[in-house]
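Okay, so here's just one chain, in structure tokens, the form predicted on its own.
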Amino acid sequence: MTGPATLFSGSPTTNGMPPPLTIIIFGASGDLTHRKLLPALFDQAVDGLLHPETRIVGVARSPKTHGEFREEILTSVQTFSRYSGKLDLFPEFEKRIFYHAMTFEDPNGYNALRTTLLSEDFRNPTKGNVLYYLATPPSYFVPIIRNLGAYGLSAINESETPGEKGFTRIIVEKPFGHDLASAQDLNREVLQVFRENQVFRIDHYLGKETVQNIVVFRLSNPVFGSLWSNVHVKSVHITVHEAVGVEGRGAYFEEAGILRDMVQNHLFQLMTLTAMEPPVAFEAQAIRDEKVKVLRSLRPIRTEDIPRILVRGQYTVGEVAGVPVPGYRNEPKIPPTSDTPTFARIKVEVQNWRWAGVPFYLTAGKRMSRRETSIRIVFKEFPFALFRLAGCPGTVPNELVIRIQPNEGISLRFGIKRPGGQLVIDPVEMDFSYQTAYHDKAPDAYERLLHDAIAGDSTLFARNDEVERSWTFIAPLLGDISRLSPLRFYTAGTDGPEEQDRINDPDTA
């Protein structure tokens, strides 16, 4: 008997339960592990979506006992879990948690880890299945991957009895390189040790419920899907605004900037899901093939195009939600003359039959007036003289807004006649909210992505060619372009530099 399929993949899990496995988290002392990964695994266990024989091994440098690590995880679950009110279930969960102290370059540590995985206490209950999670800074990715290969941990089950072999997979956190060359190097390193179908490059934005619903909403509702092209769409606006600043990541952000940190990954993922052609099936390869086609269709950036397609900005001293905040150049570890952008708006064009001529505006910024991630599709207005001849001062463009955070949902904007004798059209909205329609708290994005990786569904993970294509496209914007696109300053707590509007569609600015 088989259970339900995962959302996109047609691959069912046995009895509705993912397989047992050992999850090894490199970087077990880090913020990601404690805020996201372990609480997500606890939530899955409470929901009955984590096999009871699953083992979780935290790997980090600091020496500590299994008990000390479990106490730390209890604190994390109390603070960040959806089910913090069900801590009576934690004692059963913590039996699955273990700790392994080692440096990421230590041969003895990898040998000891291999011994643990091949022991009867681990191998037999988990059927030999292993999932590695690299929750470390990017500088450790290659050393860990190389050592997993060198000490036989990337094929831990390959030499065992045929027919009893389990799977081995690896999850790699973003960033996947900092430019095309480094992304290619990272892909080359990981594919020398693992096969592509073993590699899961994670972007947590793809685990959000509304992001997954982009494809379902469009394809299951012909009233909208039939309008999804340049015949009816005037422009597409994909926006990721953050109210926070660099939050103690000054050294990293100074090197990365907003284009590497947000645009190349999060915004490109949202763009490809919005613009892609309908896949032949809800399967990983089919969907990822269509996403890559979008990236291949992007109009290349020429040097002479940069002034008219890009606006860069950097926040200065201001207030967010009434709280004074420093300017970017006043943040710790930031040079006082930094030219690193904390805001960017880029205009791109998908040059295929469906989207040719429709501008896509990708906007990302820190220290904005509010936290918002959305996709706004602006439809063309009908060029009828009817309303003008009737004395109507103007019509209202239809807009479909897919809200990804903070209040996930979908709204439709349209015009209606204002009551009274005069013909005046007012904008109104029909709104759907996940929170209102589904009262249970939605699973965290990491819950969904961990579940899919365990089940072997790679739909919501980036493929190697997808990563390299996105870096190829954005490469011309990553060098010294200050002459072509000078830095514009904006006050923290506002909506970015005024100059951003010069690359907007003039009717939607």
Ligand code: BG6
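Not measured: the values here are computed from a predicted model. The numbering used is simple: start at 1 and walk along the sequence shown.
The same protein also has a form predicted in complex with the named molecule, omitted here; what follows describes it.
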**Asked** Picking from 203 to 211, 113 to 121, 392 to 400, 435 to 443, which part of the chain touches the named molecule in the predicted complex when contact means heavy atoms within 4.5 Å?
**Response** 203 to 211
**Prompt:** Any chance Tyr252, Met262 and Lys366 all have a heavy atom within 4.5 Å of the named molecule in the predicted complex?
**Reply:** yes
**One residue of Gln405, Ser76, Asn147, Ser84 in contact with the named molecule, assessed in the predicted complex (non-hydrogen atom, 4.5 angstroms)** = Gln405
**Request:** Consider the chain as shown here, without its partner, and state which of His266, Arg218, Arg345, Lys291 has a heavy atom within 4.5 Å of the named molecule in the predicted complex.
**Result:** His266
**Message:** Can you work out whether Lys174 and the named molecule are in contact in the predicted complex, taking contact to mean some heavy atom pair no more than 4.5 Å apart?
**Reply:** yes
**Prompt:** Using heavy atoms and a 4.5 Å limit, would one call His178 a contact residue for the named molecule in the predicted complex?
**Reply:** no
**Prompt:** Would Lys127 count as a contact of the named molecule in the predicted complex, using a 4.5 angstroms cut-off between non-hydrogen atoms?
**Reply:** no
**Request:** Report whether the minimum heavy atom distance between Glu331 and the named molecule in the predicted complex is within 4.5 Å.
**Result:** no
